[in-house]
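First comes one chain, alone, set out as structure tokens in the form predicted on its own.
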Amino acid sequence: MALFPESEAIFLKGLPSVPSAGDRLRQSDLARSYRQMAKGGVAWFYQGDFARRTAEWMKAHGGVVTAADFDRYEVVPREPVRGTYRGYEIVSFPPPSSGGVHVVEILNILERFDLAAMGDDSAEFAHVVAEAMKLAFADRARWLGDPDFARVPRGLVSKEYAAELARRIRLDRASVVASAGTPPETDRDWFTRERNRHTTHFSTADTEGNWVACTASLNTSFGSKVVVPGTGLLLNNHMDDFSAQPGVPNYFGLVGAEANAIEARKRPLSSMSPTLVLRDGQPILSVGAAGGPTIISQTLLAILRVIDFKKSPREALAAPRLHHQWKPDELHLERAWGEAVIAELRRRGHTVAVDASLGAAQAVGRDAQGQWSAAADPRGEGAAGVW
């Protein structure tokens, strides 16, 4: 951050080290930008002062983004990914995020197993979920990209394809997933455009029936580290979400292929997974997470623990997490799983990496009796409460 004077002045304040807890952070330019957005709407951002200032900074530093690029940008409404799991409806984020596709794909695979009988703190449960994750993340690397540019098969979320993948899972041993699967397809079977580590997620609902799951991201911590002078606004570094070359890992170790190659006006792949779960047509859970590719696994685990194990949002978010993204072939487990589970998973052939914690999720739920509950991830810092 010290490479950029504006960022250094705001976040480091000329100090020899980063500010400490208790230091006061004042962002007057950011406050001014918020007021201008509130007053002028999106025009200030896309056609006004912010677009002009960003273009000036880019030109001075060898960048290629222009004010015309901002003016040309448009938000694209897309059809959400829909699936079912044990009688519940799942509604999630579509491509160019991989999140919704793979939350639904993994749920479809796991529907073939009696998870409730395993117990959500068992090695058997962790093993089966990890094996399903591996299969889905292999598909992510091969098939996922911006559907305006790449043909993303809807067969990835079909029950038939999930049954085929589930048959590849051995209950006694970690399997080698050599490559992506081949989902069924037809000429109409593609996700298409519909015209109708610094990530934040919030879930909220009200008594009038409005439910929201919203994820926003700068990508890694403080994004690109660049603050546009005079605005207080950080630029993201989501270019890293593209595949620079097939098989070359990004910051998070994720690999991709031609479907996610860099192209002009193309949106990069992400893992954002804001998801709503419905029962009998009524929402009962809003959930999502922050944490790079672990967003997918966190969202998945929260849904499993609410549906299969009847946990409250607070209990679901507090339970131990795991993550496997196919490459590298490494199963990440939170230390809270305990030594016995970790040892058993290693015995089954998993290469286990033990982490203190994985990600940060948020959830709002409503149970069968109509009682509301909401939870902020207990792994997060700060003074937010749980009710």
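Sequential numbering from 1, following the sequence displayed. Worth saying up front: this structure is predicted, and the values here are computed from it rather than measured.
One more form of this protein should be noted, the form predicted in complex with 6-diazenyl-5-OXO-L-norleucine, which is absent from this view; the next part is about it.
Which of these stretches, 175-183, 213-221, 77-85, 149-157, has heavy atoms within 4.5 Å of 6-diazenyl-5-OXO-L-norleucine in the predicted bound form? Among the listed stretches, the partner-contacting one is 213-221.
Evaluate Thr299 for contact with 6-diazenyl-5-OXO-L-norleucine in the predicted bound form, applying a 4.5 angstroms cut-off between non-hydrogen atoms, and reply yes or no. No, no contact at 4.5 Å.
Classify Thr231 as contacting or not contacting 6-diazenyl-5-OXO-L-norleucine in the predicted bound form by the rule of any non-hydrogen atom within 4.5 angstroms, answering yes or no. Flag for Thr231 set to no.
With heavy atoms only and a cut-off of 4.5 Å, decide whether Gly292 touches 6-diazenyl-5-OXO-L-norleucine in the predicted bound form. Contact check for Gly292: yes, within 4.5 Å of 6-diazenyl-5-OXO-L-norleucine in the predicted bound form.
May I ask you to state whether Met272 is within 4.5 Å of 6-diazenyl-5-OXO-L-norleucine in the predicted bound form, using heavy atom distances? Within the cut-off, so yes.
Just to confirm, with a 4.5 Å cut-off on non-hydrogen atoms, which of His238, Arg112, Lys266, Arg279 contacts 6-diazenyl-5-OXO-L-norleucine in the predicted bound form? None of the others qualify; the residue that does is His238.
Consider the chain as shown here, without its partner, and state which of Phe309, Phe252, Tyr73, Phe202 has a heavy atom within 4.5 Å of 6-diazenyl-5-OXO-L-norleucine in the predicted bound form. Looking at Phe309, Phe252, Tyr73, Phe202 one by one, just Phe252 meets the 4.5 Å heavy-atom criterion.
Heavy atom within 4.5 Å of 6-diazenyl-5-OXO-L-norleucine in the predicted bound form - qualifying residues of 165-180: Nothing in the stretch sits within 4.5 Å of the partner.
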